[in-house]
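In structure tokens, one chain follows: the form predicted on its own.
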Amino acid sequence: MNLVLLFESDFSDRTGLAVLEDRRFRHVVNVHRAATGTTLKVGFLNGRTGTGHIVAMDSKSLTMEVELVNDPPPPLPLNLVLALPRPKVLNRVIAAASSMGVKKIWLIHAAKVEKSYWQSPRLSDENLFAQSVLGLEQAKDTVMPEIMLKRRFKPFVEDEIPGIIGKNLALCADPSGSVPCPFNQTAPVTLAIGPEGGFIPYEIDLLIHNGFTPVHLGKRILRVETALPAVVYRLFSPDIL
């Protein structure tokens, strides 16, 4: 945790003091070895970042004086359209996307996505929020990504994708891509990444028809949790580092 993300509920009164009693409190104590007098990097959800100075602590909670003076890092100019990963991979992917500054994520169905994945409790609002928070804490960001679930591939691609793309460069990362993924983009990008095994030819054709260019990362076929940071780094490496 490189930043303690604070929520409105942490401020119990108008004194400006934040009280932590949950996972964040335990992390600060056990990992940061914080004590009364320690100053931590903090940020307010969807707001500014700054410092939190611990003024009181006991075995169950800590109280800090908070000063928020800096803007969060700028968002990545990327719309991410992602075929729903396996449930055990989903948490890592959402946390990674959040840490890289992705602010709009569409989780979509595809032929090679098991229908049972959509029943996973990891798709709950609470879990997606929790994984996004982990990514924000890692990257010292505060702005929560918006995550949308789309269970029907064809209507989503035909009816919604054109509006999502707008004037963006639209790329579909897939092993079948005919051209290499470009480097160091300065314009906004809408990126589609398929499931394990990639999109089927019908899906690729529909994506092409609606504005996407299929691109590849080379001869190796990567898992989704590896492909996502690899593509994002390739597209925006000066902004990521």
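A quick note: this is a predicted structure, and the numbers were derived from the prediction, not measured. Heads up: residue numbers just count along the shown sequence, starting at 1.
There is also a form predicted in complex with a further copy of the same chain; it is not shown, and the following applies to it.
Quiz item: Want to guess which of 133-141, 166-174, 120-128, 153-161 is within 4.5 Å of a further copy of the same chain in the model of the complex, heavy atoms only?
Solution: Result for this chain: 133-141.
Practice problem: Indicate whether a further copy of the same chain has at least one heavy atom within 4.5 Å of a heavy atom of Lys104 in the model of the complex. | Solution: Judged by the heavy-atom cut-off of 4.5 Å, Lys104 is well away from a further copy of the same chain in the model of the complex.
Quiz item: Can any non-hydrogen atom of Tyr233 be found within 4.5 angstroms of a further copy of the same chain in the model of the complex?
Solution: Judged by the heavy-atom cut-off of 4.5 Å, Tyr233 is in contact with a further copy of the same chain in the model of the complex.
Practice problem: Flag Leu217 as yes or no: does it have a non-hydrogen atom within 4.5 angstroms of any non-hydrogen atom of a further copy of the same chain in the model of the complex? | Solution: Close contact exists here: in the model of the complex, Leu217 approaches a further copy of the same chain to within 4.5 Å, heavy atoms only.
Quiz item: So in the model of the complex, does any heavy atom of Ser178 sit within 4.5 Å of a further copy of the same chain?
Solution: Although a further copy of the same chain is absent here, Ser178 would stay clear of it in the model of the complex, with no heavy atoms inside 4.5 Å.
Exercise. Have a look at Ala96, Ile147, Leu78, Leu90 for me and say which one sits with a heavy atom within 4.5 Å of a further copy of the same chain in the model of the complex.
Key: The residue from Ala96, Ile147, Leu78, Leu90 that makes the contact is Ala96.
Practice problem: Any residue of 173-210 with a heavy atom within 4.5 Å of a further copy of the same chain in the model of the complex counts; write them all down in order. | Solution: Residues within 4.5 Å: Pro180, Phe183, Asn184.
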